[in-house]
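What follows is a single chain, given as C-alpha cells, in the form predicted on its own.
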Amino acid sequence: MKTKRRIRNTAVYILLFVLSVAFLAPIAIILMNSLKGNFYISQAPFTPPDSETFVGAENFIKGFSQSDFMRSFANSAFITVFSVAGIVLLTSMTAWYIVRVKNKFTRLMYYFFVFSMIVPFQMVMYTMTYYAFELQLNNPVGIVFIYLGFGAGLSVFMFSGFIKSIPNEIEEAAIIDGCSPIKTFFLVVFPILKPTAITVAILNAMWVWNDYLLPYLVLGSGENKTLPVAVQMALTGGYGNKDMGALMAMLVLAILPIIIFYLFCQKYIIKGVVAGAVKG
C-alpha cells in the first residue's frame, strides 16, 4: 500500500513539474530574448544570451522610447484599478442582495448574470462598439463601465457561492446591534468576503490589464491607448516587420506589474481556498 501511494505521489509531482515548466517556458523565452540582439532572436530564439548575443538594456531603452510607455502605462493602470475596484465593490453588493433577498426578481437577476458568462465577446463587440461611441464611452473613464458590465457575470457567480456559506445569524446580530443594511455589509459581510474579493480582483486585473481587443476597438491607438495596444502599434515597422528585441523587452515590462500584484495577493487566495474547503 505504501509503495503504491509513493508511486502515485511521485507521478503527481512529475506531472505538476512538467505543467509548471510548460507554463513558465514562454515567460522564460521572452525574458531571454529581451536581452538579445534582434538578429539573434530569429536565428536562435530558444538559446540563452551569451557574450555575442547579449545587448544589455538596449532593447528596453528602444522599446521604452518608441512605444510611449509611460502614457500607455498610466492609461492601463487607471483603467485596471478603477475597473477592478468597481467590479469587486458593486458585484459583491449585488451578490449579497441576490442571496439574501430570495424572490423571483433576484433569481432572474442571478440567471441573467450567469447567462452573460457564456456569451462570447466577439458576438457583441460590433454592437457594443457602436453604442460605446454613441454614449461617449470611448475614453478611459467610459471603458471602466464597459469592463464592469463584462466582468459582472463571473464575479457575481463567485461571490454568490461564498455568501451562501455565511450564516444569517451573523448579520442578524449586527442588525440587532443597530447596524443598517449598508453598515452590516461593509462592517460584517465584506470583511468575511476578503479572500474571495482578492481572488476576484486578481482574475479581473489580469484580464483588464492584458486585454487588447476591447481597448483597441473603443479607445483606438491615439493618446488614450493602453499598454498592449501601444506595444503592438509602436514596434511594428513597414510591411509588418517587428523589432522583436524591443517587443520582448516591452512584454517583460508589461507583465511585471501583474506578476507582482499576484505574488503580493497569493496568500489571500490560499486562505480563500482553505476557508471554502472548511465551510463547504
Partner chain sequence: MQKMLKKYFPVFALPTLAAFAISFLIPFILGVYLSFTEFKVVSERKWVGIENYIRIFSQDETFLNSLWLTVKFTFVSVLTINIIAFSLALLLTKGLKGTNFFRTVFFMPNLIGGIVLGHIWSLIINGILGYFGVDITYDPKYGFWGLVILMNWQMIGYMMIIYIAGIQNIPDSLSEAAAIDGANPWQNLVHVTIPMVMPSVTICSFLTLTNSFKLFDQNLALNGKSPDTSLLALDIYKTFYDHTGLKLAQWHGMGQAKAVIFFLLVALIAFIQLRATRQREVEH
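Superpose the two forms; the largest set of C-alphas matching within 1.5 Å is the rigid core. None of the values given here were measured: they were computed from a predicted structure. Residue numbers count along the first chain shown, from 1.
Omitted from view is the form predicted in complex with the partner chain, to which the following refers.
- In terms of contact with the partner chain in the predicted complex, the residue from Ser160, Asn138, Thr199, Thr184 that brings a heavy atom within 4.5 Å is Thr184.
- The shortest heavy atom separation between Thr94 and the partner chain in the predicted complex is within 4.5 Å.
- Contact annotation: Ile255 falls within 4.5 Å of the partner chain in the predicted complex, judged by heavy atom distances.
- Within 4.5 Å of any heavy atom of the partner chain in the predicted complex lies no heavy atom of Met32.
- Interface membership of Met244, defined by any non-hydrogen atom within 4.5 Å of the partner chain in the predicted complex, is confirmed.
- Taking the partner chain as positioned in the predicted complex, the residues of 191 to 213 that bring a heavy atom within 4.5 Å of it are, in sequence order, Met206, Asn210, Tyr212, Leu213.
- In this overlay on the rigid core, Leu214 has a C-alpha that sits less than 2 Å away from its partner position between the shown form and the other one.
- Taking the rigid core as fixed, one finds a CA shift for Met248 of 2 Å or more between the shown form and the other one.
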